[in-house]
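This document starts with one chain, in the form predicted alone, laid out as structure tokens.
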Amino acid sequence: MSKRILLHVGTPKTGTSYLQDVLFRNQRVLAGAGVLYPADRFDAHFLAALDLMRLPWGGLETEAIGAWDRLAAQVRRHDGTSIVSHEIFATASRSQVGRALESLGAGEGAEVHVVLSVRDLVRQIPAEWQENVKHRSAISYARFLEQIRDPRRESRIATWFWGVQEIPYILQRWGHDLPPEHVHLVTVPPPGGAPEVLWKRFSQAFGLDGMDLDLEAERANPSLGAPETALLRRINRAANSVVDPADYRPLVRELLAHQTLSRRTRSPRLALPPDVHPWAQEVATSWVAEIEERGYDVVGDLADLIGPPPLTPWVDPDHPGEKRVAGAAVDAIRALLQEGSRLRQSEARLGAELDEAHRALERSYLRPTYRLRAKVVRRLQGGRAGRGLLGAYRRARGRSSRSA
């Protein structure tokens, strides 16, 4: 039984990819300190979250079957501290939260803590729209803003957005049966701050202070500028009908978005429209008051949730500068040409290996022993007694095929 379970349940775009990368790569060091991060692959907790919540995810949900139960069993067997982390846990329903806590051993004496990393809506709103675009969506920024501001919240976009971003509601679902001091809020520092500040806050919340961990990032979920996101949305509109989801992730999301377009750091940044700022900050102010009233443990500063002032000049990603979009498109084409060249070389190499295998097979056919065996088999097959002998030989060898 784990003595202590730390459940990091979101939210998206709060340094979660970096945190999970550090935890995954430092499993051995963590284990030496009695801390379990149960993952045999870097996306193990993502698959567990899909399984727990029965979420469809471009076919990955079939790969996730049983992932939550396997993870929970590892946590129950561990007799120290266990960490479970993925941002889509934020959208779990009350019943799914109950199942998660029960299967991890919350009712059997384990000390459970919930950790929620949070960032201001001023940055989260454009980041969420961009994530939609990076997952094949072609929705405009204006339409996205309209849907999330609709008080009815009936659209798929609004349902998902508030499910993973409405901080008081997430804390209420995950922390309903926990004492307030076991619910920890980690705030993302304002833009422009030292990058190590967020890690220090994570380290404090998870009790990792003093551990000699490798903090060099290998995986991340980088952001795109406004023209790059506009280009990606146009690609979605043109290619979604001809590119399968299984191919979209490596080619568009990884190769184009993460490995290519994210490097164009001089482009205008994606930001919240200035006229939407007052609404976003009003919502955040109400959240801060509610969080303070509940008495949760805050690692950081709740003032970080109010967000930075409007970005000036603001660039509308629905109507970006075409010259910048064209520049991004040239970079994207170059990346695709390089990938096509790599695949052609790989195809040529595999073709040469296959040809050599065929030649080796032909050489084996020309050996005298092979020709002799083939001649004997042909003669035996010509008579009833011979076929019986062949059948007995094959049964003795345990073969089910018709070959000799």
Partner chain sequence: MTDTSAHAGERRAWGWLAHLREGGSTSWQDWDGAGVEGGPALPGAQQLELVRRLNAAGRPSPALVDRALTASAPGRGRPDLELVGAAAPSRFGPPPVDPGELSDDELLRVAAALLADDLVAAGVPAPRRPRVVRPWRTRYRLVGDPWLADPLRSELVARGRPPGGRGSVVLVSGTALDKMLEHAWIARAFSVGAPGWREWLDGLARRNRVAPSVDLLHTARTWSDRVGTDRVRIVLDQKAVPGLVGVRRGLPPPPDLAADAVDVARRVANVLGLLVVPPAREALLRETLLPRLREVTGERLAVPPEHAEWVRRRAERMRDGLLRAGYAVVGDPDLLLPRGSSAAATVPSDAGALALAVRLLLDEDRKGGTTR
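Remember, it's a predicted structure, so these values are computed and weren't measured experimentally. Residue numbers count along the first chain shown, from 1.
Beyond what is shown, the protein has a form predicted together with its partner chain; the following relates to that form.
> Considering non-hydrogen atoms and a 4.5 Å limit, which listed residue (Ile65, Ala374, Ala335, Val29) is close to its partner chain in the predicted bound form?
By the 4.5 Å criterion, the partner-contacting residue is Ile65.
> Give me the residue from Ser140, Gln259, Thr159, Gln204 that has a heavy atom within 4.5 Å of its partner chain in the predicted bound form.
That would be Thr159.
> Based on heavy atom distances of 4.5 Å or less, which listed stretch (172 to 180, 187 to 195, 310 to 318, 268 to 276) is in contact with its partner chain in the predicted bound form?
Contact-bearing stretch, as computed: 172 to 180.
> Evaluate Trp287 for contact with its partner chain in the predicted bound form, applying a 4.5 angstroms cut-off between non-hydrogen atoms, and reply yes or no.
Because a heavy atom of Trp287 falls inside 4.5 Å of its partner chain in the predicted bound form, the answer is yes.
> Flag Arg54 as yes or no: does it have a non-hydrogen atom within 4.5 angstroms of any non-hydrogen atom of its partner chain in the predicted bound form?
Contact check for Arg54: yes, within 4.5 Å of its partner chain in the predicted bound form.
> Verify the contact flag for Gln381: yes if a non-hydrogen atom of it lies within 4.5 Å of a non-hydrogen atom of its partner chain in the predicted bound form, no if not.
Close contact exists here: in the predicted bound form, Gln381 approaches its partner chain to within 4.5 Å, heavy atoms only.
> If you check in the predicted bound form, is Asp120 within 4.5 Å of its partner chain, heavy atoms only?
Looking in the predicted bound form, residue contacts with its partner chain do not include Asp120, since no heavy atom lies within 4.5 Å.
> Within 4.5 Å of its partner chain in the predicted bound form, counting any non-hydrogen atom, which residues from 96 to 132 show up?
Heavy-atom contacts to its partner chain in the predicted bound form: only Gln96.
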